[in-house]
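Let's start with one chain on its own, the form predicted alone, as structure tokens.
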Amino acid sequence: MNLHGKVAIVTGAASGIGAEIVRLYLDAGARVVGVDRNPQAAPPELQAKHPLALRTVTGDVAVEQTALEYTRVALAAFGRIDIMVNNAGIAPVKQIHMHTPAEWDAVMNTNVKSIYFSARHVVPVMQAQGGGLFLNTGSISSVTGMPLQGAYGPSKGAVIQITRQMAIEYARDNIRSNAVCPGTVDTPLLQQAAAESGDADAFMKRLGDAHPIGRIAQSEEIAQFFLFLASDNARFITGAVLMIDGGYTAQ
């Protein structure tokens, strides 16, 4: 896939799916702004390999100032924004009634309100330049009920609807919007959720067994799909909810 000349912003860029998206986009010729609340907002080896093509922003996507900053950095460094990947997310493992109000708000603000903040600041840039693309990370929890996904499941359901709404709102501006909904992926976020479950081994086995393909995904497998969707090969796809889940939602 060729992304030469394109500029992407990727949130949740320090690890997992986000880090793999950054790596693949850079290797395909894009210039990238990696965003994460981790002080090392993108893998150090990528910063060393692509010093001219990679910028980083440290910040919490649940706060509007972060969207202001990554928009500013992208325009100052690269002059445009072609691809906005809203990938950052949090996933505490609890039933709905066990969440505190603060926990509920933290999940909704990180997983959903952050997309609104990105639209608020990036859409005008894309309108002015003649188009662009939003890719929002959903989940199998966007469309199915799963144990201990109390706030996470509803937040990922909202990701689908904000994606569809953006696709309709901005189609005439040549701005496309799609939701990518992975099955279970072996990421640091998942490892944390497994640890919080009280029995990490049983947690991981249950998730793997639940996928008809017989395993969970690796981050690079999901990132490859984000690479295709960012390419011109996918330019007619908008408003789509795209499952990449090893058959989980086909059951």
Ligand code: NAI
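In this text the structure is predicted, and so the values were computed from the model without any measurement. Residue numbers run from 1 along the displayed sequence.
Below: the form predicted together with the ligand, not depicted.
- Residues within 4.5 angstroms of the ligand in the predicted complex, judged by any non-hydrogen atom, belong to 86-94 and to none of the other stretches in 166-174, 123-131, 69-77, 86-94.
- Although the partner is absent from this view, T110 contacts the ligand in the predicted complex, with a non-hydrogen atom inside 4.5 angstroms.
- A residue is said to contact a partner when one of its heavy atoms sits within 4.5 Å of a partner heavy atom; P188 meets this definition for the ligand in the predicted complex.
- None of the heavy atoms of L54 is located within 4.5 Å of the ligand in the predicted complex.
- Although the partner is absent here, G208 is not a contact residue: none of its heavy atoms lies within 4.5 angstroms of the ligand in the predicted complex.
- Proximity to the ligand in the predicted complex holds for all of G59, A62 and G138, with the criterion being a heavy atom within 4.5 Å.
- Proximity to the ligand in the predicted complex, taken as a non-hydrogen atom within 4.5 angstroms, holds for one residue of L229, M243, L24, A14, which is A14.
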